[in-house]
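Shown below, as structure tokens, is a lone chain in the form predicted alone; questions about how it binds or moves come after it.
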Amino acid sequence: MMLNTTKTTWTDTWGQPLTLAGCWQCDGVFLLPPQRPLTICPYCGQESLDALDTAVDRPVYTQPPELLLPFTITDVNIQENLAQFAKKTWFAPADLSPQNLLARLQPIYLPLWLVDANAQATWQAEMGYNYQVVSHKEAFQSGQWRTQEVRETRIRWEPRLGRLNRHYDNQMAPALEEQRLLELALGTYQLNGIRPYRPDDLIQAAAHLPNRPPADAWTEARESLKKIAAEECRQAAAADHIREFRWTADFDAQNWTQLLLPLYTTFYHDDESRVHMVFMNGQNGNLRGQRRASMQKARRWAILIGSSAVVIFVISLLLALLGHFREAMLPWAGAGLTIALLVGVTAVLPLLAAWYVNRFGHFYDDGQQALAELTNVAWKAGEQPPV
């Protein structure tokens, strides 16, 4: 009789000979495809992705997903989005090109929890009902006083209470600590087109393992259920508004499903060779990247503009000297000196523009701000993030 001595691990349940790897910088834990080994972290871009021992370094949650949302954005749209990002970055570093971004593009699946639950609850709230108030005011028009009717919408608040017994399906809950920041940066995924997970889904793509197990994610799931219940109670009361919703709820028959969401990541290097990540929603193509301007390129432009000002200034001086012999040259010399001054002042603008992009650019873009926060989350305490 032959004995089966093949060593099996929990990764075998995923249906592929996947490699477990971790990033010491962002603490991400990944399952990597056998056909596409990675030497850098596909999530934060740091060159610190190390192989882990599946027997010793067991992650928070290791079960394979049940469902998957496939990549649906076309190759043409991917190329267009990357080209637009590179084109719209002021004084982009030399490494920031559509070709580099495309060559470094990495598909990765992010986990998300879907929870089903029964809820039995007692609730109370204030329901608001719109009503119209009609009044009149006098206005002087065309030489005479006229009466105008004014309609104002007001809200009448009434207390309500009741009981609720409902079943809820597929309520989303975060499987990653930074889920909220990802949604702010890239938008929410539409849960249409979901299909069962297949092992060949990870032939080319990496999978980020959850860092929040279901028990930890239940707090957010419960808040989502509360919001849905409040809206259902408002509709049941035929109210226009609701406030101060409170409930005492019991839950049972909870069922947790892991769903994988599609994400593309890529990166570029700035003048100091620091990595800056670019994320693209694999469903709708929404793209967010850390925009960094090249001070080296800005300085070159400043030198070019300044040199032009010097040339114009020298020519103007020569015209002024010739003006001693031909007075017709003096107006041209004066105009040239004025132009040289104006051009010389503008030489500082490239430096100011690059400094502004690097220092303040993300403050005026909610998606950029969320991405900056996400970057800070990815860097451990005590380390300086590349902002």
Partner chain sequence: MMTFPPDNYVLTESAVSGIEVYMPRPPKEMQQEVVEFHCPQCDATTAYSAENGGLTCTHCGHYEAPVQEVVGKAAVEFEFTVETIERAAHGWGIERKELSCNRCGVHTTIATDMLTHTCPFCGSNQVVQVKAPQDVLRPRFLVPFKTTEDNCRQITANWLQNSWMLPKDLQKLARTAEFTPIYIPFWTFDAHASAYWRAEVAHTKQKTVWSGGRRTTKTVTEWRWESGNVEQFHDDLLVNGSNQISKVLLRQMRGYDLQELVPYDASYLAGMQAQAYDIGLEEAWELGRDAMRQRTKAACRTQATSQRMRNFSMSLDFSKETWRYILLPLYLATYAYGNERFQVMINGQSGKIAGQRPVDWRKVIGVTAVSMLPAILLGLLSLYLSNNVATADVGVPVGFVAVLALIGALVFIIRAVQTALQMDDA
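Rigid core (definition): largest C-alpha set, two forms, superposition within 1.5 Å. Numbering follows the first chain given and starts at 1. Worth saying up front: this structure is predicted, and the values here are computed from it rather than measured.
The discussion below concerns the form predicted in complex with its partner chain, not included here.
- Proximity to its partner chain in the model of the complex, defined as a heavy atom within 4.5 Å, holds among 147, 307, 254, 273 only for 147.
- Checked against its partner chain in the model of the complex, the residues 297, 166, 226, 104 give one hit for a heavy atom within 4.5 Å, which is 166.
- Among heavy atoms of residue 233, some come within 4.5 Å of its partner chain in the model of the complex.
- Though the partner is left out of this view, residue 134 does reach within 4.5 Å of its partner chain in the model of the complex, counting heavy atoms only.
- Residue contact with its partner chain in the model of the complex: residue 87 places no heavy atom within 4.5 Å of it.
- None of the heavy atoms of residue 247 is located within 4.5 Å of its partner chain in the model of the complex.
- Exactly one of the stretches 281-289, 208-216, 234-242, 108-116 approaches its partner chain in the model of the complex with heavy atoms within 4.5 Å, and it is 234-242.
- With contact defined as any non-hydrogen atom lying within 4.5 angstroms of its partner chain in the model of the complex, the contacting residues in 153-190 are 154, 159, 160, 161, 162, 163, 164, 165, 166, given in sequence order.
- Core-superposed comparison between the shown form and the other one: the Cα of residue 148 travels 2 Å or more.
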